[in-house]
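Single chain ahead, written as structure tokens, the form predicted alone.
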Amino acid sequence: MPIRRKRSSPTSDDPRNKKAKVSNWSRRNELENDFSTKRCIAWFHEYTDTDEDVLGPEGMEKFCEDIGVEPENIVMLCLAWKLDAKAMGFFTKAEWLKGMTEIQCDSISKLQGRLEYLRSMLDDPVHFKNIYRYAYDFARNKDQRSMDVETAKAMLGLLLGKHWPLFGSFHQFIEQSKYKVINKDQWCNILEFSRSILPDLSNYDEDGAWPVLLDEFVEWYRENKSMSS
């Protein structure tokens, strides 16, 4: 009867052992790259107490520090829009989970890798308009129907400051005006005005359906131009 040889165990140099290690590493890497709801919730609670369902200003500051973004950076507005957050400075667990699931982020490093994607949404006119409109309800005091003028100036600077040649003049106009609040109709029309009216106002129609706020801005701007020329 022939003697059966014992099957040798793979050694560290054995190709079978190396293949198994590579396979295990690949699988572990895939699992880490897959989105995990459990990991996402655990990440949320790094900025809250375990039994809290709202991430507040203190946690938000640490969150921004962790991802390397200033709280005033416009990318935070883009993220809030993706999460459909209802109040500035706060994320609920439900908002966090819904939005982070959509962008497939369950860790700091994954979100850092998506920041450029979030910024790029501002280059799309439709997305920009949606983010601009969202910003009004997001930033205004929920006890008021309109946005106070100081908040409006800050948000307009964030959204239009680098893109609208007349923003500096409009900001000056608001500073010296009687306006204490900006309503939603005015807010939406400011964007349309910045997109459709030329910097020299040559295509501005006095009989157009612009809010009085913008009619007054044009009048103020032209008066200041004629005085300085």
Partner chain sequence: MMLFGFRVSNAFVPIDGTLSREDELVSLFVRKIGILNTRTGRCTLRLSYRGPVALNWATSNDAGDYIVKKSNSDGVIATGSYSHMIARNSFELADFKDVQNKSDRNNNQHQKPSEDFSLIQNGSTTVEEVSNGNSRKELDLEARAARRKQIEDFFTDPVIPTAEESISTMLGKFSAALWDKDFMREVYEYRRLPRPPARGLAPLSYEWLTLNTYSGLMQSIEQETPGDSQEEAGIVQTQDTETVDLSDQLQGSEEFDLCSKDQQKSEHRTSWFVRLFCCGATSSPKKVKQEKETKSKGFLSQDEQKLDGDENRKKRKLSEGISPPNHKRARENIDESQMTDSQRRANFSAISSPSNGLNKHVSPLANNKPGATKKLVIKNFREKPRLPENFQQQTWEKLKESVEAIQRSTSIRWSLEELYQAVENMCSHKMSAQLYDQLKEVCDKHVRCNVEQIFACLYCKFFLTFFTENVGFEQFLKNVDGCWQAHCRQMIMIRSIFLFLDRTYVLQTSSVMSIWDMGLELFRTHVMFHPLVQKRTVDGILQLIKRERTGEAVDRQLIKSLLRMLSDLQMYVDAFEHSFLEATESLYAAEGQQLMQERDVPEYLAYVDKRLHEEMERLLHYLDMSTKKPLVSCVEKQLLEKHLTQILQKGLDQLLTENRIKDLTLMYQLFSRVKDGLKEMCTAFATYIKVTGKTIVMNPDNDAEKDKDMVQNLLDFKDKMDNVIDVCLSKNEKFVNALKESFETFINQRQNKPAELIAKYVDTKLKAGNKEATEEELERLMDKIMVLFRFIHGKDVFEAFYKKDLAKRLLVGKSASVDAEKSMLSKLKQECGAAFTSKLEGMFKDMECSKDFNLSFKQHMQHVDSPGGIEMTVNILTMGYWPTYTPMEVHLPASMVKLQEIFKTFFYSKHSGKKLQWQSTLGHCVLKAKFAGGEKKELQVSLFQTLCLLLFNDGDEFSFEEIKTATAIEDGELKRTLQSLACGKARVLLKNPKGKDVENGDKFLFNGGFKHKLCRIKINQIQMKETPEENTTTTERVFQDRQYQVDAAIVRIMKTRKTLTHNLLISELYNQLKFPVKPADLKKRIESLIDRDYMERDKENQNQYHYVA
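Keep in mind it's a predicted model, so treat the numbers as computed, not measured. Numbering follows the first chain given and starts at 1.
Separately, the form predicted together with its partner chain exists; it is not shown, and the next lines address it.
Chemist: Counting only heavy atoms and a 4.5 Å cutoff, which of 74-82, 115-123, 128-136, 98-106 contacts its partner chain in the model of the complex?
Modeler: That would be 128-136.
Chemist: Go through Glu58, Asp185, Asp66, Glu46 and name the one with a heavy atom inside 4.5 Å of its partner chain in the model of the complex.
Modeler: Only one option qualifies, and that one is Asp185.
Chemist: Go through Ser177, Ser169, Ser36, Asn189 and name the one with a heavy atom inside 4.5 Å of its partner chain in the model of the complex.
Modeler: When its partner chain is considered in the model of the complex, the option within 4.5 Å is Asn189.
Chemist: In the model of the complex, does Tyr221 have a heavy atom within 4.5 Å of its partner chain?
Modeler: Output for Tyr221 is no: heavy atoms all beyond 4.5 Å of its partner chain.
Chemist: Against its partner chain in the model of the complex, would Lys142 count as a contact residue? Criterion: heavy atoms within 4.5 Å.
Modeler: Answer no; every heavy atom of Lys142 is more than 4.5 Å from its partner chain in the model of the complex.
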